[in-house]
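The chain below stands alone and is given in structure tokens; this is the form predicted alone.
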Amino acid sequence: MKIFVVTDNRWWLDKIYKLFGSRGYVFKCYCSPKGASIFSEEIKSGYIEIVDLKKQCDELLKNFDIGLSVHCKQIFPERLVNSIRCINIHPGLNPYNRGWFPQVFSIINKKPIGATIHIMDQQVDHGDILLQSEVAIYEWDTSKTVYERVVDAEYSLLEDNLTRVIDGTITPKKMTGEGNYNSIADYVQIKEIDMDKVVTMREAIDYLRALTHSPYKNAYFYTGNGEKVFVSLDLEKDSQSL
């Protein structure tokens, strides 16, 4: 069984080598052209290679039996997902908030969040589900703390079930409906604060904590002079609280 993995996440790269290497799998790691800057040293050493999934589809089909997407910035082409088994490790609880930054939208729209391992089809974050794990969102969470909890859940799911995922011995389940999808354009749109919008304090705090994910600068507004001001929220649970 020859496996290729595409990731644009530095934390996941070492985890992939640890998981797959310890189980004796033959595998190769790739990153997207857009993610290449993250792995400049690793690319030089051959630890990971750049792949264009559309242009190199024939090469992948020739050399591999299964493909995994782990926080990958490329969409797997239809021909690839229809020819070999392709599996996505997704930081969201399908079918809720499929697409970009599920934790951001889950804080705002109160839909469930978690980790999903699923078989890929032609649609983004769509297809029969192999494994899922829901995680909680607390009132003191930000996008970053929820994301970290989701990634931990992803890793636990894959670590505990890697052999079954690769061997195809998990019975897939259909998604419970189509859910909803958020594009990168949807995310970009919510980053600019409407200073005249009337909301409750709860809505305001939820909105700002959903867009707080250090070291990134996300939420912003413009002053009357056209100056751009970034906004983030600092939340800390009282250690004396029950």
Ligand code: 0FX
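Everything numeric in this text was worked out from a predicted model, so none of it was measured. In case it trips you up, residue 1 is the first one in the sequence shown, and so on.
As for the form predicted in complex with ligand 0FX, it is not shown, yet the points below apply to it.
Contact with ligand 0FX in the predicted complex, defined as any heavy atom within 4.5 Å, is confined among 142 to 150, 128 to 136, 78 to 86, 162 to 170 to 142 to 150. For the candidate spot formed by Lys73, Gly99 and Gln103, every residue has a non-hydrogen atom within 4.5 angstroms of ligand 0FX in the predicted complex.
Shown alone here, Tyr47 lies farther than 4.5 Å from ligand 0FX in the predicted complex, counting heavy atoms only. Although the partner is absent here, Ser232 is not a contact residue: none of its heavy atoms lies within 4.5 angstroms of ligand 0FX in the predicted complex.
The shortest heavy atom separation between Pro91 and ligand 0FX in the predicted complex is within 4.5 Å.
Contacts to ligand 0FX in the predicted complex (heavy atom within 4.5 Å) from stretch 176 to 203: Tyr187 only.
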